[in-house]
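A single chain comes next, written as structure tokens; it is the form predicted alone.
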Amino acid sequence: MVDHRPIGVLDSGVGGLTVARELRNYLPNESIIYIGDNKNVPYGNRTEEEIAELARSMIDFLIQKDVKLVVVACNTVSTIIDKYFSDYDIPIVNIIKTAADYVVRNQLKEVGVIATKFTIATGAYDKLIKERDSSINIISEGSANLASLIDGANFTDQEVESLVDLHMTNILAKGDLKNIILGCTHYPIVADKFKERSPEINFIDPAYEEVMYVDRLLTEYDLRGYNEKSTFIIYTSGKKAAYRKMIDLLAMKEPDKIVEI
């Protein structure tokens, strides 16, 4: 069976483009519908109830577009998926679970996590990693501002470098880390700044792991598409300009269209 319906991707803003990029690279015959809620970013500074309401609106929007599965490209939303979104009939993919799988599969004994304050406060990474291997030590660092700074698309190198240095200094003061998860999909957009700050660290981008999981799901649920001319459409509650800048920064192929909603 061939399922030509698109894959839905959601995020609080432009960060999920890092996931969309991996989807386009590894699953080129799959069409993608992306929604980014830039109007309400950053989610990491909101209450759980607010995040759940905003996320449900995006999931419902994607379902109205007849997607075959939803890829949550937002760590903050992923922390509450099991609690709020078990009532849907299509698969909803949690980016934190796929990152946790990476840590365990690679037998890491200690790992750092830099994410939004909300993601860190929920302990979602700790829980999902320790469920698989309770011996793994997890060191966390929350950021209130980095995601929103990146999402604005008007940041300077100096602004990003300052925040990256702050959070790297904080987390490395807590342990001699060799591996750190970039636990917000906005952060890989500025991965070069993390690597410049600490070239000895292996920075883990959960986007790749999430796409590999999606690849397996497509086979498991018989959902794989073979579109000769796959499409990529972006919807945003913000402005097109932010997406155009990020697409250039990520060296992505231009989407078929960007729609402000």
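Numbering starts at 1 and follows the sequence shown. Just so we're clear, the structure is a prediction, and the values are computed from it rather than from any experiment.
The same protein also exists as the form predicted together with a small molecule; that form is not shown, yet it is the one meant from here on.
Of the heavy atoms in Phe232, none are within 4.5 Å of the small molecule in the predicted bound form. Using a 4.5 angstroms threshold between heavy atoms, Phe194 stays clear of the small molecule in the predicted bound form. By the criterion of a heavy atom within 4.5 Å, Gly44 is counted among the residues contacting the small molecule in the predicted bound form. Contact between Ala100 and the small molecule in the predicted bound form is not found at the 4.5 Å heavy atom cutoff. Taking a 4.5 Å heavy atom cutoff to the small molecule in the predicted bound form, the contact residue among Cys184, Ile150, Val71, Val113 is Cys184.
With the small molecule omitted here, the record of contacts in the predicted bound form names 35-43 of 211-219, 53-61, 198-206, 35-43, defined by a heavy atom within 4.5 Å.
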